[in-house]
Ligand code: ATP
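The form predicted on its own is given below as one chain in structure tokens.
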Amino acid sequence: MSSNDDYMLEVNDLLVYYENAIAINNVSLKCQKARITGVFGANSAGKSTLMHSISGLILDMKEKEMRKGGERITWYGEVKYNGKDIIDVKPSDRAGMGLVLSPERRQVFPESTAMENLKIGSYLATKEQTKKSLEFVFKLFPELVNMKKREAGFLSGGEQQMLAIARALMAQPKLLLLDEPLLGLAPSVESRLAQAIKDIKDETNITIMLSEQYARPVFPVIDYGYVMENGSIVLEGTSEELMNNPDVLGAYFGM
């Protein structure tokens, strides 16, 4: 049985409201150190809101909405990182603590080259860390080596996703958050990225949490997973337990 010291991230009784609509409903989950934790669910299940709450982006979103008189965003509960509640810590400070998000839909800088994107990611790193990380990401994604001088906007969707993950790795994460890394990609690229995610864990011991709608390619590489519906967690278990669950098989594998 795992002790609390084994968990890098603990989310406790998290509630998030957009105006009066509930987006996250009393969610509790844990991410074990040096493991891959998956959060699965259909579109609008609450996965991205959960990722924004963990990364701190929700604080920026709340501030922007307040400035323009938009919808109110409120939240309750705990997000504990290495035992410390960080629910009100700025996203930039969370990144400095090693909590790094690779966002949904990649969000690379299209007019900057691939290499410039990677260097932007390394703004928190020392020269030695940057050198070591560059060697690792080019080994992980050799496709990027020949694209260093190409503008990111001209890369394919799969290449942009590799670049987005590589850029996040340049920021020296201790906990890497991957929000829908397989969104809109061809099956061959999905399996390629799923293997790369496993390689990151195996070779660096970085703790990884990913959210994904397309569960099939990543189920085999996760260590533990949660299934979300309508903002709540409805199932959880090891990769094997989830793959042997008839409800999961029906929802994600059509069996």
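All figures in this text were calculated on a predicted structure; none of them were measured in a lab. For every residue, the number given is its place in the sequence shown, counted from 1.
One more form of this protein exists, namely the form predicted together with the named molecule; it is left out here, but the text below deals with it.
Of the stretches 41-49, 218-226, 186-194, 28-36, only 41-49 has residues with a heavy atom within 4.5 Å of the named molecule in the predicted complex. Contact check for Phe109, Thr113 and Leu178: none of the three has a heavy atom within 4.5 Å of the named molecule in the predicted complex. Taking a 4.5 Å heavy atom cutoff to the named molecule in the predicted complex, the contact residue among Ala23, Leu242, Leu9, Leu14 is Ala23. When the named molecule is considered in the predicted complex, only one residue from Asp85, Glu71, Asp93, Glu135 comes within 4.5 Å through any heavy atom, namely Glu71. The shortest heavy atom separation between Thr204 and the named molecule in the predicted complex exceeds 4.5 Å.
In the predicted complex, the named molecule lies farther than 4.5 Å from every heavy atom of Glu143.
Glu159 falls outside the set of residues with a heavy atom inside 4.5 Å of the named molecule in the predicted complex. Residue contact with the named molecule in the predicted complex: Glu104 places a heavy atom within 4.5 Å of it. Taking the named molecule as positioned in the predicted complex, the only residue of 204-240 that brings a heavy atom within 4.5 Å of it is Gln213.
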